[in-house]
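Quick heads-up: it's one chain on its own, the form predicted on its own, in structure tokens.
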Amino acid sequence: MYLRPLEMKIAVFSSKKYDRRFLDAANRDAGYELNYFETRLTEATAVLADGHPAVAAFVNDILDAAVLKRLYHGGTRVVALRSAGFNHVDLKAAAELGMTVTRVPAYSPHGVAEHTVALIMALNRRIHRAYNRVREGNFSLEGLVGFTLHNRTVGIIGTGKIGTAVAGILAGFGCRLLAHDVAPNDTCRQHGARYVTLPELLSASDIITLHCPLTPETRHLIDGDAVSSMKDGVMLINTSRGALIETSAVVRALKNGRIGHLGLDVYEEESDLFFENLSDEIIQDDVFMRLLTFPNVLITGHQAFLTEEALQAIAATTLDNITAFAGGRRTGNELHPEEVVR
């Protein structure tokens, strides 16, 4: 039985002030009852969604079989992800329960691409170190030598919308572009990228940037073996999914100099860290804290997507997905167990 918008209550988990601002704006015409919860969605907090036919969840919310069953028994029938990735959702369990799961397939490819290049530039020119030095009155240039991007070889792993946007920006810098993807992209080729095997990309690239989805096949794509095949001093960037990288292997490579620069906007154990203010707490993740000790590591807290344009698109598409469900329609953003993100 489908519900009219005014009868639809939506529980919004992991909501921040910026989420509320853009969701409220998108909801002016839809007229849903939006109930915001700052807490993450877990089996313990799923009770908050009781009586809500729809749940709007984010990337670090837990949507395993146990949580989905609890949501279903509380009356939830649609889970609208406010993200493109869905590796945190048990789609098989959702299908068995008869629940609909939707996502926002593309909201700010250029924003994420620009953040990727910002990490490359900041690491290369040591902007983060220079900023701190100047604030302390230290104007020494020792240790701040970078390199020109022109004629450098950049390997792009994953050439969907974001990877292709990265290729377009770096082409403007005069970089030589190598690409690897199971489905080559003609637009990426038009930017000058040459598709090669993964081993060739890893061994030939001065900079490697990751833009592929997290699947069982890509989990720890960058492991000890992959790192050992890279150039000494390579720059590695990840603005996609944290578990694409085996963090312990990367720490070892930072220590021995195989990786010369590391830029992360995601981290494989980020769910207990990112999106929260932990400045007054002792962080218990020893691997993460070890990363922070390296002067050639720059980490941002999953903010690559965080632009006004992206937040507008996420809010609008999330509510559109719910509206379609309420009306018995499909948007094409529905997910199924056999889905693979592109």
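Nothing here was measured: the structure is a model prediction, and the numbers come from that model. Residues carry their position along the shown sequence, with the first being 1.
A second form of this protein, the form predicted in complex with a small molecule, is not displayed here; the remarks below concern that form.
Contact annotation for residue 263: none of its heavy atoms lies within 4.5 Å of the small molecule in the predicted bound form. Contact annotation for residue 144: none of its heavy atoms lies within 4.5 Å of the small molecule in the predicted bound form. Taking the partner from elsewhere, residue 203 is found to have every heavy atom lying beyond 4.5 Å of the small molecule in the predicted bound form.
Using a 4.5 angstroms limit between non-hydrogen atoms, residue 52 is distant from the small molecule in the predicted bound form. Residues of just one listed stretch (90-98, 147-155, 160-168, 246-254) have heavy atoms within 4.5 Å of the small molecule in the predicted bound form: 160-168.
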